[in-house]
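Have a look below at one chain only, the form predicted alone, in structure tokens format.
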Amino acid sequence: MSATQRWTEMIRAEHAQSDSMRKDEPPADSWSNSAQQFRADPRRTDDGLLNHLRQLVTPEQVVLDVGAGGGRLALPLALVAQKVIAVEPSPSMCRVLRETAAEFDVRNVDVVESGWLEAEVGQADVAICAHVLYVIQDIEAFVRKMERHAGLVLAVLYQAPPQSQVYRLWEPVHGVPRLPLPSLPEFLEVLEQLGVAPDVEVVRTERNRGYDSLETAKEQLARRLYVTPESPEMARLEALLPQVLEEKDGGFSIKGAIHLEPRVISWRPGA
């Protein structure tokens, strides 16, 4: 099995497992209930990843943000670039991006409400894709299109899947291990298959303080585990929480959870 085939198969298997655990049909826009959480001040200076990316962009450059979400990167980078083209398929995320741009008077962002493979965009100097690739099944087409549209490609991934911290809870709650999404190791194998030899930089970030309370931890973990109230799975989760949570720095976190830090994978197409 090739690296791209393995990548696609991991996503399909994870999605199938998720679908088997869901009690309701997922909404058409999966971000509709959480998009507001991605609103952020474009002029903030306490974001390690953003500060790293700012150093890679110059005032004369056009930046392409693929999977821009609510604009957490697109809007700050627009303040240092000539223009940002923000491609985002979620209507609720696009709404947050536009509202935040208006609130902070950031005018040089073009929002393209579309999936990347369907998007019609012009050429850029830098293409950025941050924490999007984990669920992209046609990874080769996705990457190759980024290469065609920019002279420098930057992909941001964690060293493990974003939800990997809760993977250990799946078997005690559901009786089966969690099937993982691909992340950095698998992406580097994909790039090797595609003939790309990238640079990889670790961006050091502070450890997340976790959940504010036990009740918040239960609510958020139940959502990530597809557990519904008054179910046998909820009873198992409630019994499990005192064993797996620890109180630290004013919050609660999962014992032994790895600290996820962004990796910035960069390359110049054809180099």
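In this text, residue numbers run from 1 along the sequence as written. Everything quoted here is computed from the prediction, not taken from an experiment.
Just so it is clear, the following notes concern the form predicted in complex with a small molecule, a form of the same protein that is not shown.
Checklist entry - Can you pick the stretch from 164 to 172, 101 to 109, 134 to 142, 195 to 203 whose heavy atoms fall within 4.5 Å of the small molecule in the model of the complex? => result The contacting stretch here is 134 to 142.
Checklist entry - Which one of Ala78, Ala127, Met93, Leu157 is close to the small molecule in the model of the complex, taking close to mean a heavy atom within 4.5 Å? => result Filtering the options by heavy-atom distance leaves Met93.
Item to check | 4.5 Å heavy atom contact, Trp116 and the small molecule in the model of the complex | outcome: Heavy-atom contact with the small molecule at 4.5 Å: present for Trp116.
Checklist entry - Could you tell me if Gly67 has a non-hydrogen atom within 4.5 Å of the small molecule in the model of the complex? => result Flag for Gly67 set to yes.
Checklist entry - Would Tyr211 count as a contact of the small molecule in the model of the complex, using a 4.5 angstroms cut-off between non-hydrogen atoms? => result No, Tyr211 stays farther than 4.5 Å from the small molecule in the model of the complex.
Next on the checklist: When the contact criterion is heavy atoms within 4.5 Å, does Tyr226 count as touching the small molecule in the model of the complex?
Outcome noted: Tyr226 lies outside the contact set for the small molecule.
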